[in-house]
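Taken one at a time, structure 1 and structure 2 that follow are two forms of one protein chain, written as structure tokens.
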Structure 1
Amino acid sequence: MSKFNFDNLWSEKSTDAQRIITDHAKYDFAVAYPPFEGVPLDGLIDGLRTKVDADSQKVAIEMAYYPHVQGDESLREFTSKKLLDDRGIKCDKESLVLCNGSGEAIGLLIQALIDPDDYVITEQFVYMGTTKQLTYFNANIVGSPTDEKGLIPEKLEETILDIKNKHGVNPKMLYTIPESQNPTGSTLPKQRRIEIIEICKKYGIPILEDDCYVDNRFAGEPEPAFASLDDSGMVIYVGSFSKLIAPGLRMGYFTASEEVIDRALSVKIGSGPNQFTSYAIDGFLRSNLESHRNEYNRLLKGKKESMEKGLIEAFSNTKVKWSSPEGGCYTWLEMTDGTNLSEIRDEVFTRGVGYISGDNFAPNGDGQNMARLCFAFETVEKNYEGIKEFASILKDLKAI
């Protein structure tokens, strides 16, 4: 039978790009994965068992339904209580929307607020998942200058004015990860948050706060959430269970004012999120949130310290700098100007060490002398060994 010809049938927005299948280096610091040793498999199964044993008929009926568009009521209730306890955010189950990962939440919010050619401001270096989505929906992304503490309020106002002057439009949104930022690991101080809210309010720009690393704090205290510092409705708050439990659960959420939720759901196609997984998370976290989080962060702390030990031993007598975050999954590495970590990435990968060079996180493509190193996934031993190996490869390639 001859092959059917699809040539003139593809939609304009589809492409014939090859599927991206992630390949892993021996020492994989390129990933964005939490500690696999802490994934509570037994706890999740027990969580399911608890829910089923409590009322198996109710669970069976709910499983036979197509899920509520906002997701499981009990998990929404639990999550809203968690947001109040942990972040001082007042929301109830009606103003919470569970999604297939925070990625779906961010996608819905982008689609609710961004038209093609609109301007969105982010940190100078920012999570690629969000910039990919913004690019897919044809937004213009402008990174605003940051320092080791994150966004700089005065520079943010300059960025806003610059967009207004150059392009004659007001930016439509500020997207930020204020806690243990991806990729830099920075945490934004309270005072800056207050100033940023004032600036954004002045120009009528809503803030999309992505707080997906707040549970991963292994030192110090988190700063207050943007969403707790404002009650005008300008802050849209996104969270996730990916970094608290596991990405394989695909469960995140957002909370916002009613009108924002309605708009976001108006662009959602398909039904609510995974009911089965909601039971496991709800059943597990209701009894184990504190103990699990403590254990997870103990693991993270050990991993961060072992990577740092490697960094100190390998790079102390060089001009290489790195961030030392108190939470999250990443260390941000900065080499001298002119070093091109982007160019040598494939070679270093082949020799056994994976990382993502800084330019991948920068809307303007800067940062080729920088890299994100994930310390959260590999074991303590591999974090240490891998960094030593990394330094030795860099030396070999005459990059340091």
Structure 2
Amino acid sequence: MSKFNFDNLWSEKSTDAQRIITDHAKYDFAVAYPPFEGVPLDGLIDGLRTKVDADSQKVAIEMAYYPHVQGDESLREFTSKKLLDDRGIKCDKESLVLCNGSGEAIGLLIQALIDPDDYVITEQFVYMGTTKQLTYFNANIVGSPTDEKGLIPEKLEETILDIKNKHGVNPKMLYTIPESQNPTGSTLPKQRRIEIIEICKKYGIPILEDDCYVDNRFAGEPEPAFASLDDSGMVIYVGSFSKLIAPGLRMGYFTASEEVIDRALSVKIGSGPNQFTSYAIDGFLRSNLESHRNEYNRLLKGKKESMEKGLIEAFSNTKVKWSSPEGGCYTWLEMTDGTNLSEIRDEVFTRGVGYISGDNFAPNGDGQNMARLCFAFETVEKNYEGIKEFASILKDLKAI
């Protein structure tokens, strides 16, 4: 029998995707994983058991149906209380939507707001998962200048005006990760947040606030959320349980005005996220939120400090500088002499150290002399050893 030919049937957007099995270097700072040793498997199992034992008939009935389009009611109630207690955000279960990870939440919101050729502003360097979605839906992405504290308000207004003057349109949205930003690790001060809200109000631009790292703070205190500083409904807030518990759970959420929720749900295919996972998260966090978060952040603090110790010992008195974040999973490294880390990445990987070069996070195409180093996944010992090895490789390549 002859093979069926699909050649003239593919959709315009589909491509031949490679089924890539990710390779890991000996010292893997390229990943975006939280501490694997902190994943509370026993706690999640106990949390699931608690929910089932509390009312097994109710659970059985709920499992027999497809989940509510906004997700499990009890977990939404817990999340709304957590947002009020932790972030000062007032919302109820009806204004929360649980999703298959924060990526689905962001994707729904992009589809609800963005048409092809619309302009979206982000940080100068920003999470590649979101830029990939924006690119898929044919948005124009413009990175606005940042410093060690994040977005610079006056530069943001210049970026807005530049888009308006050059293209004759208003930007459709500002997407930002203001807390422990991915990839730079910066945290935006409260005063800048207030100024950015006023700028966005002035030009009628909504803010999509991605707050997925706020639970991962091991020094200092988080800044107020954009969503807590505004009561006009212009801020759409996205959160996640991935960096608090584990990415493998695929559970995120967003809260917004009713009209935004309705529009976002209009493009959603299927029901809400996994009910079984919701039971486990809800049952676990109701009794263990603070103790788990404190232990997780203790692990992160030790790992960040060990990487920083290696950076100080290996790169002091060189043309290398790096961020010192108070939360999140990443350190941002810059070769101030312009050394191209993108060009040598594969060679460095082959020799045992993995990182992601800065151009992968750059809507404007810059960042070749920068790199994101994840300190969350490797052990304390490997973080230190790997940075020393990284420096040795760079010296051998005459990069420092």
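Here the structure is a predicted model, which is why all the values come from computation and not from measurement. All residue numbers here refer to structure 1's sequence, counted from 1. Superpose the two forms; the largest set of C-alphas matching within 1.5 Å is the rigid core.
Matching the description of the form predicted on its own is structure 2; structure 1 comes from elsewhere. Core fit done between the two structures; CA of Ile21 shifted by 2.9 Å.
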